[in-house]
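First, one chain by itself in C-alpha cells, the form predicted on its own.
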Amino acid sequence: MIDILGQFLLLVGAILSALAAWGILDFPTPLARMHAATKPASLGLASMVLGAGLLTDSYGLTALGALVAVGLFLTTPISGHLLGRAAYLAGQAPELVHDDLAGTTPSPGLTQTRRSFAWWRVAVLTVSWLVLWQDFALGTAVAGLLVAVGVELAVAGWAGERSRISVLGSLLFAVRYVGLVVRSTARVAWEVVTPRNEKVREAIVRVPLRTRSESAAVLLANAITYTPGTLTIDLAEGCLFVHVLHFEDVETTIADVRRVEELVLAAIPGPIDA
C-alpha cells in the first residue's frame, strides 16, 4: 500500500511539474507565468520528494522528503513575490485591466524589526537538524540544539515585540492552507490545459490590511500567493498589492483576501484596525 501511494505521488508530481513547465512557456505575461511557477511546480516537487521517500521504505528519507516539502511551501511564495515585483518594475505587465500599483513606488522590502528569542524556533531547527542528519543519537541532538540556539541568538534580540501564536488557530490555518494549495494548483493547471480560456483577466489590486502584526502580514502575503488565482506583488505601508489572474472587480478581490486574513489572525492574534 505504501509503495502504491509512493508511486501515485511520483506520478502526480511528474504531471504537475510538466504542467508548470508548460504554463511557464505558454502563459502570455511574466506575472501570469509566476502563477504556474509558484503553484503546480511547488506541489509537484513536494509530491515527488514525498513519493521517493515512501518508495525507499525509510522513515528517515520520508521525514527528509516531508522537510523538503515544507521548505518548498515556505520559500516558493517569497521567491514568487520577489520575481513578480521585479517583472512589474521592469515593465513586463502590459495587459493589466486594473493597476493600483501604477504611480506608486514599490517598497524595497518589509522593514525588519528585532524579534524575541523563541524556544519553539530552536526546537524546530533542532528537529530539522536531526532529520537532515538522519541520526537521532543523543550527541547529534545536543549538537543540533547548540547550533539552533546559536542561530536564534544571531538573528534575534532579547528586546522586541513577541508574536502570540494560537495552537488551535494554527492547526485550522494549516488545514485550510493545504486546501488553498490544492485548489490553486488545480485552477492554474486547468488554465494551462485550456490556453484559450477567456476568463484570464490580469489586474493588481491594493488591499488595506487590518492586521498590524509584521508576522501576520508576512504569513498573509505568503498564503495569498497560494490562494487560487492570486499572487502577492508587494507588501508596503499596511497594504497588500495582489496580482489577480481572474479579475472580476476590486471588491471581490478584497473580500477574498479578507477571508484568508481572518485565518491568519486566528493563528497569530495581534493588533488590528477596526
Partner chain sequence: MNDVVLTVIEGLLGIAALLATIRAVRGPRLVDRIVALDAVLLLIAGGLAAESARGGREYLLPIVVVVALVAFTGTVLVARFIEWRDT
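Residue numbers count along the first chain shown, from 1. The model shown is predicted, which means the values in this text are computed figures rather than measured ones.
In what follows, reference is made to the form predicted together with the partner chain, a form of this protein that is not presented.
Checking 203-211, 63-71, 235-243, 222-230 against the partner chain in the predicted bound form, the stretch whose residues place heavy atoms within 4.5 Å of it is 63-71. With the partner omitted here, the residue from 141, 122, 186, 87 that has a non-hydrogen atom within 4.5 angstroms of the partner chain in the predicted bound form is 87. In the predicted bound form, the partner chain lies within 4.5 Å of some heavy atom of residue 78. The shortest heavy atom separation between residue 83 and the partner chain in the predicted bound form is within 4.5 Å. Taking the partner from elsewhere, residue 45 is found to have a heavy atom lying within 4.5 Å of the partner chain in the predicted bound form. Interface residue remark: residue 52 is counted as part of the site for the partner chain in the predicted bound form, having a heavy atom within 4.5 Å. Along 8-25, residues 10, 11, 14, 15, 17, 18, 21, 22, 24, 25 each place a heavy atom within 4.5 Å of the partner chain in the predicted bound form.
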